[in-house]
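Taking the form predicted on its own, here's one chain by itself in structure tokens.
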């Protein structure tokens, strides 16, 4: 009997290759091709300026330089702005940049000129010889400057407002006006960046004999890049192949596409007739890829004596940088996922998405949810402090109850569908979390620490994460005559363990050995229809599609095997890659290998090996019938697609105990606990790995990382020497994790996404714990020791402001 794989802690099959140094990033490709050319990009050193003149006369004389292009050298669609990937009716002033700046630059790092040379060194030298005359314009840096609108990022965008969006369920302002208690809060979350191990990279090769272009890209959406390249270069889609090799992390930044280099490199390969490569360096990644997070929120909340929220009115301002290529996904997610596991009786949210002369903002792991979670959880803590109630009690009062699912919030989510939670049990999760972190025993621990002169605090934060967004994913399952199973899905993989988790699904669905399943991702040659890997959607979308495709293959295998065994399909079962008559022994005539079934599925004219001899037209089938029936096709395979009615909603809760140093204000993590619900678990070990990684990334975002722009728009910490990331010494040495499984009714496997959960509540949970330790409110994140020290000075001899009604 095949061992059940779904739900098992199966070790990742891809790790052996990675740990042995056998992974291949984009920069590892075509290294032994003597014809390979390299490219470099001249980037704007100014945040806001008009380009008066570009002089490249000193470049072409440099030995080894093959080509140099500015916007003037581009034609047709390449000379037009890059696409606005996700338009939205409220994005009234969407703007995107050109592949090479046309007449104005709007952030430090914007691409101006593109050089191709025999190696990267020559290309970089050539870039340094390009002379650009600028007419300087006043930059707009930060949300405050954007809102003041003293200067404009784009002359045709009034008040720097790219979009204004409002949603309301009930009448929040009226409910607040009549509520027994009210509070107002102003909250601030800084910019950060996901900084994956591998930056952006593109290699392209043009085959003039077949007029076919192959592009390798470090992307989260190979099909998206394929479509953009074909459209911009005027190629038939069928003439473009995009392949995504191993990717050193995506975390959202690589879902934006096409980057200028993803178009310029293929154009150069076609124009020059030689393969061309671009590999981003770390500084380029900081100043010319994408950031996220920066938002300012103003909250008005009205509640009763139990802490039940009667009305919640949130206004916020989102810094989307100089352009809006990815639309309004991030602030829309914030505005809707802010609600978390709660059900305020009346909710209104309005946001403005603002232009600034800084790097663009696109989704970063969590994608707008950390900001929303920070706002809602700070609000819950403020209500608790005001009423003098336990923070868990106030949260429990506002939870959606298990018997209220599916729960409709009366809002529209980022996928354009109703914001309807599919399943969950938040009270049960809270019980688990309190036990896991020792919530009820904490005051004893606090007293014990205080006796030692140590200051500690505890915090918790709850979240709900919309995952598995559409529109669809597909899969192709092919059983070879060897019995091996080849599976192709179009979405990419950036280290999530897809090869393992998807193989577990196939092994169980088909009844084959896990070791006999091979998964291919992100190759448009094998699966041209796909969307991409983002928003914790891979397991839900591709996992479901793979399951459905495997069922189709299984259905056909049973049909063919039934004919061969002269048995009813209903009496057959598949285990370890063998079809057998259920309840019979292993005697001849009651069993057949799947590989043999594959042989029988494909009637051949030519016998090319021992297996194929059994499939020739003289060996198989009824001579009175056609070799392939009218409604059938040769081969043992299945193909299917999964398209969800709406998103699934995972959820979870984090708690942390911190110690703050009384002298240095250093923040030390003493205990970290997570309760997580992503529906049915495919592989608990992979899910826990995702949680560990997310928590580590969240620690960075909460305590260390910020993008330090000066008033002229220069990013002052564009290196790992200055941009603080947590090392192993800064993240928790252990994380206590417990799972709750409330299956989603929206897909055949009952699963929800898990990739971003670990990072979502980080800012909120650390703010709560630090506040609990220090006794004054934490209203902005991240918070460093020096900032905590300044807050101590500011709040010295002051009462806790949230103990007094402020509105």
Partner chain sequence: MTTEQLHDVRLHVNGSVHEVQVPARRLLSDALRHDCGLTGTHVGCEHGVCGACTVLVDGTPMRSCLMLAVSAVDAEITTVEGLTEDDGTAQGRLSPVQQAFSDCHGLQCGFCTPGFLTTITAGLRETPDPTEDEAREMIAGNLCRCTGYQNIVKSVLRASEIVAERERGEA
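Numbering follows the first chain given and starts at 1. Model, not experiment: these values are computed from the prediction.
FYI, the form predicted in complex with its partner chain isn't displayed, but the following is about it.
inquiry  = Just to confirm the contact call: exactly one of 117-125, 465-473, 505-513, 162-170 touches its partner chain in the predicted complex at a 4.5 Å heavy atom cutoff, so which is it?
reply    = Flagged stretch: 117-125.
- Residue (of 259, 251, 426, 303) lying close to its partner chain in the predicted complex, criterion heavy atoms within 4.5 Å: When its partner chain is considered in the predicted complex, the option within 4.5 Å is 251.
Of 725, 581, 628, 152, which residue is found within 4.5 angstroms of its partner chain in the predicted complex when only non-hydrogen atoms are counted? For this set of options, the contacting one is 725.
Check: Is residue 336 close enough to touch its partner chain in the predicted complex, meaning at least one heavy atom pair within 4.5 Å?
Finding: Residue 336: no contact with its partner chain in the predicted complex.
| request: May I ask you to check whether residue 28 falls inside a 4.5 Å heavy atom distance of its partner chain in the predicted complex? | output: Although its partner chain is absent here, residue 28 would touch it in the predicted complex, with heavy atoms inside 4.5 Å.
*Closest heavy atom of residue 178 to its partner chain in the predicted complex, within 4.5 Å or not?*
Looking in the predicted complex, residue contacts with its partner chain do not include residue 178, since no heavy atom lies within 4.5 Å.
Non-hydrogen atom contact residue 364 with its partner chain in the predicted complex at 4.5 angstroms
Taking the distances in the predicted complex, the answer for residue 364 is yes, it comes within 4.5 Å of its partner chain.
| Which residues, if any, of 467-497 lie within 4.5 Å of its partner chain in the predicted complex when only heavy atoms count? | Sequence-ordered list: 494, 495.
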